[in-house]
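One chain follows as structure tokens, the form predicted alone.
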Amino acid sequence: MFGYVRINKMELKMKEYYKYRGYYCGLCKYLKENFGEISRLSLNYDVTFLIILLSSIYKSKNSITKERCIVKPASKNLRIVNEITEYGANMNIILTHNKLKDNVDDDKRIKDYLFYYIHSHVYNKTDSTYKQKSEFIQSKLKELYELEKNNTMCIDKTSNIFGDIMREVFRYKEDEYTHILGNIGFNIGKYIYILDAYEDLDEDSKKGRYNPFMNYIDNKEELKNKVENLILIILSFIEEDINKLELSENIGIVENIIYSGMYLRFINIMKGRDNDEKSI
């Protein structure tokens, strides 16, 4: 379900692109060093955005290095790690663990059970500081599971629950930014849930799985208009709250993601295209 909050690489300045990739590679490195090699498979763009946004607000002191990695061994790549990276890595693991559990509940394939079992060892390494957040996420996913089991077709009810989950993830700590960050997280959660449901509709229909848009399976044009209206409103709310933060660092990267990357991802899904950046 994750990976919807991305840059528009073509519109990003070169120095901003390398910095973005530095945060991404920093998260990858932190995961490997603290949670093991397999945890890197869960690396996602959404958490990278979270780290960049929080780093911009709290002006965390960065540790910047250049290192080679197995993915791009030809040259040394920038890695940016700070105190926010630790938080982002833990949230990455918690979200992935619950996503894997959801796969087990939905598809019940052997590979889903196997990966969930293996990842449980990674999940057990998460910092106990975040136990409350993990329990909150699990309780919300149970609510979502009940709605799905009852075949609820109200997209507001289901997407609001996923919004609540991401609200909790974006609330880094209690201070003057908590409310705004919570709002941004809530709307990003709704954006992810709605686009994921729209994108998976045909596959869910073939496999007999739940999808909140199933009533539109024979009326795609009406669904497309509905989703377009919902996403444009959600993006406007996110933009409004980002502006309230008055960022002084990483502005170009954050604005690229909010004003261009997320919009481009949305447009590509609406047009049935899959030409997003597969890797940075």
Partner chain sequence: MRNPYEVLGVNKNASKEEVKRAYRDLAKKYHPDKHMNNPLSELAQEKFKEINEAYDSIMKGYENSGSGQYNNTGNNLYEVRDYINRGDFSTARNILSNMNNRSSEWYYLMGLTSMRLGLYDEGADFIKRAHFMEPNNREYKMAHDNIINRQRAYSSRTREYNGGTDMCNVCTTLYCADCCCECCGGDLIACC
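Positions refer to the first chain, counted from 1. From a predicted model like this one, the values you see are computed outputs, not experimental measurements.
Quick note: we don't show the form predicted together with its partner chain, though the next part is all about it.
Annotated contacts: Thr85, Leu95 and Thr126 are all free of its partner chain in the predicted complex [non-hydrogen atom within 4.5 angstroms]. A heavy atom within 4.5 Å of its partner chain in the predicted complex is found for one listed residue only; from Glu135, Asp202, Asp156, Glu146, this is Asp156. Among the residues Leu235, Leu43, Leu54, Ile242, the one placing a heavy atom within 4.5 Å of its partner chain in the predicted complex is Leu235. None of 98 to 106, 112 to 120, 178 to 186, 71 to 79 except one has non-hydrogen atoms within 4.5 angstroms of its partner chain in the predicted complex; the exception is 178 to 186. For Cys28, no non-hydrogen atom is located within 4.5 Å of its partner chain in the predicted complex, even though that partner is not displayed.
Although the partner is absent here, Tyr259 lies within 4.5 Å of its partner chain in the predicted complex, judged by heavy atoms. Proximity of Lys226 to its partner chain in the predicted complex: non-hydrogen atoms within 4.5 Å are present. Tyr263 belongs to the set of residues with a heavy atom inside 4.5 Å of its partner chain in the predicted complex. Shown here without its partner chain, the chain has only Glu11 in 11 to 25 lying with a heavy atom within 4.5 Å of that partner in the predicted complex.
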